[in-house]
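Okay, so here's just one chain, in structure tokens, the form predicted alone.
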């Protein structure tokens, strides 16, 4: 069943008038936090509305807008007219008015940009992501608002000025909105025409430049075009069938994510990035890391991070709840659950991984690609776009320097790295030494005393070789042997971001 509810006009003049009224009432991310308080604000992000209802008992303009757009209350005509240009908003289709009560036609959610911008994400009513009750709609064309996946992708995206960016599967337009801040030209695609309309509304109401909007699946709408940046939060859910356009890819298993990654290489300009969220199957008898390595297209370096793994029962339950199926007839729910397990059993899938995939087009990768596939379920510090860019810059440095050149180079200890020593109290030497990052990926890695001493001295003033010679003299080791065995450890510390080439 398709969503047939009409959407507001994409006329930017009307959107500008509505935006001015929203800002005048402080209907912003900061304004909501001040009004609701942190607990109610966080609850609203989970689609739990009771705390927000309690916090908006007043009659002010901001309370009115929260009730109207976020809580979807029907409000008296006179009250809404005090907060908004009511007639214009009705004429443009943002609101409906029966003469007594006014209702919103879409969800308008304040969203703070990375540099303090006041943006608004437009989505279908009742379809803000979060909560345990599902999205509130089973319409196949429903368009969701901002959820954890959306903000994760926005946070890991490399934010450098580019000529062209592609948001593939744009949904409500959050990735296109971010890209519009640093890309001269933004193209947004979606299989769902309703999503393209929502993206236009999001951009207009946020005061952002327009994007080129194209309807179609995957890369079909942009045949023979290339970009400096490609981002996608695709319909990655591995499900039996394609019930919901926003999440179910309609291909078997993880084929949609595989196809997306494999086809991205030929759509990138030299030095360009493609960044995706994805799910992938853990198949019996198969190494999941090798599965993902096989997805990486020729001519691209890759960094793939698995953030979470769920067994097939957890995974099925998550997405059954997402669709609200747990609120249906128990027999119907059981049948759907059974269908998911049948699908996984047929494919010999034992678990499903979730994470990030970043590709970087590089001439050097044609013959010597750098592909890192790792599991990192621990907390990180967002945004990570600069960390992603620095990761590939360090890999370029390592690829261009053999061991002799590496030892001739100069390195500095990255900001926020500390050393921890573990051992028995009173022991002369620690059992092991850990270097830990307090920024970015927040990694931790064990090193020997030589590695710890080397990292601690790295301030860019001495070459790596001279530092090792000094350490060899200090500990009574042969400097030649130390130079021979240490480059591998230096490479690991550079690759993981503990050391940076000067």
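Numbering follows the first chain given and starts at 1. Quantities reported herein were computed from a predicted structural model and do not represent experimental measurements.
One more form of this protein should be noted, the form predicted together with a small molecule, which is absent from this view; the next part is about it.
K.L.:
For the three residues 145, 150 and 175, verify that every one has a non-hydrogen atom within 4.5 Å of the small molecule in the predicted bound form; reply yes or no.
P.N.:
Yes, because 145, 150 and 175 each have a heavy atom that approaches the small molecule to within 4.5 Å in the predicted bound form.
K.L.:
So which of 281, 245, 123, 239 gets a non-hydrogen atom within 4.5 Å of the small molecule in the predicted bound form?
P.N.:
Among 281, 245, 123, 239, a heavy atom within 4.5 Å of the small molecule in the predicted bound form occurs only for 245.
K.L.:
Pick from 218, 208, 414, 305: which has a non-hydrogen atom within 4.5 Å of the small molecule in the predicted bound form?
P.N.:
The residue from 218, 208, 414, 305 that makes the contact is 218.
K.L.:
Pick from 200-208, 427-435, 112-120, 226-234: which stretch has a heavy atom within 4.5 Å of the small molecule in the predicted bound form?
P.N.:
Looking at the other structure, the answer is 226-234.
K.L.:
Is residue 108 close enough to the small molecule in the predicted bound form to count, meaning some heavy atom within 4.5 Å?
P.N.:
Close contact is absent here: in the predicted bound form, residue 108 is far from the small molecule, nothing within 4.5 Å, heavy atoms only.
K.L.:
Residue 190: heavy atom within 4.5 Å of the small molecule in the predicted bound form?
P.N.:
Residue 190 belongs to the contact set for the small molecule.
K.L.:
Evaluate residue 183 for contact with the small molecule in the predicted bound form, applying a 4.5 angstroms cut-off between non-hydrogen atoms, and reply yes or no.
P.N.:
Residue 183: no contact with the small molecule in the predicted bound form.
K.L.:
Counting only non-hydrogen atoms and a 4.5 angstroms cut-off, does residue 169 reach the small molecule in the predicted bound form?
P.N.:
The answer is yes: residue 169 has a heavy atom within 4.5 Å of the small molecule.
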